[in-house]
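Consider the single chain below, provided in structure tokens and representing the form predicted alone.
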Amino acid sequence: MSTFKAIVIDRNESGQSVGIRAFDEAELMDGDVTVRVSHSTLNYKDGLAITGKAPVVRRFPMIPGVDLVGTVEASSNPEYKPGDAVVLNGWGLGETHLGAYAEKVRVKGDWLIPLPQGLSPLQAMAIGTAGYTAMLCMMALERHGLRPDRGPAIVTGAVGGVGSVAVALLAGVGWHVIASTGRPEEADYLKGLGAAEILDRSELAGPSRPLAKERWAAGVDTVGSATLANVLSMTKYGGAIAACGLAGGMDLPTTVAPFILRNVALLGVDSVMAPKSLRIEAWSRIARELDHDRLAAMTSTIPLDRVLEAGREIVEGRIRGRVVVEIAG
């Protein structure tokens, strides 16, 4: 096909415009692998790009979408041949490189990994960047020497994509998971994913004390700002928090007290530029360790023409769990 369907973000004198239109294959960016996309996902970052709420998009026109699974259509990269099933997360997709909300992409083969054995394309995108990031967080906590016998683990923003998968992963390996959320009506959903306790996010809001009562040994934070500051102040001696999100803000209004008086560690987790070896390890573990029934329970599916509406909903905090986008008709 010389043209294909895509969501395109453009910029004009009145600001940002976004819509679905035919995109010319000749406009695809440089790369050594062309992929026919079957599924993508909806992440918080995708919502920010679609709504223009944050400067995610760095060039125009841009096709948003940071995740994809599909089939190699053409390749000059020796690692891939036509017909191979592949996954891509990050690497500037949807930010600086034309992204996944399209029937076709052209990318660097070094950005791809094979579709993990045991996962369908839909399951891979139900996991997506959110689930892959949650696994990177759990791996970071493990590298720090933390195990479930050390005490509970807190997950903030637990109803969101990263949070939902983090709850399921941590519970699956034996952690007593405390799920923090501002949506108490989702308590049954979180307990179904394995949460042992539900914590109202108001308990983590507002100015933090330098040190508060020790409540958990580990955690995955997707919120940042005052929430992360409070989480750190309540972390047990020798514990650690893996931070991977900023839904509540980029600031961190805390003190050095948790770090120098309780030996607490703050572990930064990046999924966008993670090396290929780490990506393959994380995806292999997800395929083995994430309960597929729990994954299905947190997943909904939408067509490409619902993405613009869903992008607004995720930024407004009205999306639960994971959303798979069906690209192929």
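Start at 1 and count along the sequence shown; that's the residue number. The structure displayed is predicted, hence computed values, not measured ones.
This next part talks about the form predicted in complex with a small molecule, which is not shown.
Proximity to the small molecule in the model of the complex, taken as heavy atoms within 4.5 Å, picks out 222-230 from the listed stretches 209-217, 98-106, 222-230, 71-79. Proximity of residue 269 to the small molecule in the model of the complex falls within the 4.5 Å heavy atom cutoff. In the model of the complex, the small molecule stays beyond 4.5 Å of every heavy atom belonging to residue 9. Contact annotation for residue 181: at least one heavy atom lies within 4.5 Å of the small molecule in the model of the complex. Although the partner is absent from this view, residue 307 stays clear of the small molecule in the model of the complex, with no non-hydrogen atom inside 4.5 angstroms. Heavy atoms of every residue among 44, 133 and 159 are located within 4.5 Å of the small molecule in the model of the complex. Distance criterion of 4.5 Å from any heavy atom to the small molecule in the model of the complex singles out 248 from the list 192, 148, 248, 92. Checking 176, 201, 236, 144 for any heavy atom within 4.5 Å of the small molecule in the model of the complex turns up a single hit: 201.
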